[in-house]
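The chain below stands alone and is given in structure tokens; this is the form predicted on its own.
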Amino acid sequence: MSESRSGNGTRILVTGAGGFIGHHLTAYLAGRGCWVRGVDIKPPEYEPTAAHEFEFLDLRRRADCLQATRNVDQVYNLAANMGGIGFIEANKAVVMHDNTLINMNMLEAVRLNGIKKYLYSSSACVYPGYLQKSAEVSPLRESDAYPADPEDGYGWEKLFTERQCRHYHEDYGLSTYVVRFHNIFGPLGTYDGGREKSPAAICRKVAQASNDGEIEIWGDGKQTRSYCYVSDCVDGIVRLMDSDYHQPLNLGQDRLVTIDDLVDVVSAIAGKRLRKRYDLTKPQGVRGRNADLTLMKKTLGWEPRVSLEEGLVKTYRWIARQLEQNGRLKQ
């Protein structure tokens, strides 16, 4: 297969194309003139795919991975069994089982089908818990992943697969790319049912709350994160795939905010004054997490452009519209 850059008819496979980031990435690549095959066990939930071809396959099966990877130039592997902190803490065995099978089968299928460029979507969950015990966390550099102490379950399988990508690059000459996502959010993502991430959950709760009402927050609201809007995420992914950099790379924003801050921004967008009720019994994840973007900016010559407020406006309005259409907003 050719080493052609992402565009001008390049044939691309996007796995996890029925999911949030995969759906946005598919549309982005198709818009650049690529031919895109989307693969997932389910279709996109909220709008039709932009893929030229969409196949329903179970990538835990090697035969399905071989079928998915036929006759393409590049692979973006975003397929995973995952969700928000509540889901991944309650489903460690199944998450590790499913994702390890997907990732090992995909790497081998890519090798057997002679594909030269392969992107693996990792996560900030690979970073050690001992570096994330304070809300005033120091931004996490790529080298901070070792000595290893990742998120139990989900983080371990991500870190393991990063190593396997490295070995396939070294042993077989496969051009592997590893991106570590830091809290990607935006429209067309899951916003209820237990798999949603914090921005979507907060947008849903604010939309459903009465003005001068109450909103439940998991934890004490002082835990910190940084958040990256999905359009910047897919732009960064493609820029990485078009580069010659084969080590893990952070992709996110480096503006640290508390969960309380996030609630305040969304409440202001909605024009609501809400009381906060804290539930300390719910999963909270690490105390603080932020991305050091020094290497990303140097490697890609680029940085995200969409502010937290701008992204939350788009996300809140989309979620509120979905809830209204489904009759789930209070009148």
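In this text, residue numbers run from 1 along the sequence as written. This one's a predicted model, so the numbers in the text were calculated from it and none came from an experiment.
The form predicted together with a small molecule is left out here; the points below concern that form.
(request) Verify the contact flag for S122: yes if a non-hydrogen atom of it lies within 4.5 Å of a non-hydrogen atom of the small molecule in the predicted complex, no if not. (result) Yes, S122 is a contact residue.
(message) I'd like to know whether K158 contacts the small molecule in the predicted complex, with contact meaning heavy atoms within 4.5 angstroms.
(response) Yes, contact at 4.5 Å.
(message) Please tell me whether any heavy atom belonging to K197 falls inside 4.5 Å of a heavy atom of the small molecule, as the geometry stands in the predicted complex.
(response) Contact with the small molecule, yes.
(request) Using a 4.5 Å heavy atom cut-off, state whether K282 contacts the small molecule in the predicted complex. (result) Answer no; every heavy atom of K282 is more than 4.5 Å from the small molecule in the predicted complex.
(message) I need the one stretch from 216 to 224, 78 to 86, 200 to 208, 257 to 265 whose residues put non-hydrogen atoms within 4.5 angstroms of the small molecule in the predicted complex.
(response) Of the stretches listed, the one contacting the partner is 78 to 86.
(message) Counting only non-hydrogen atoms and a 4.5 Å threshold, tell me whether V178, Y229 and V306 all contact the small molecule in the predicted complex.
(response) None of them does, since no heavy atom lies within 4.5 Å of the partner.
(request) Would you mind picking the one in K276, K272, R60, H52 that has a heavy atom within 4.5 Å of the small molecule in the predicted complex? (result) When the small molecule is considered in the predicted complex, the option within 4.5 Å is R60.
(request) Tell me, out of V137, L107, I184, V238, which residue has a non-hydrogen atom within 4.5 angstroms of the small molecule in the predicted complex. (result) Exactly one listed residue reaches within 4.5 Å, namely I184.
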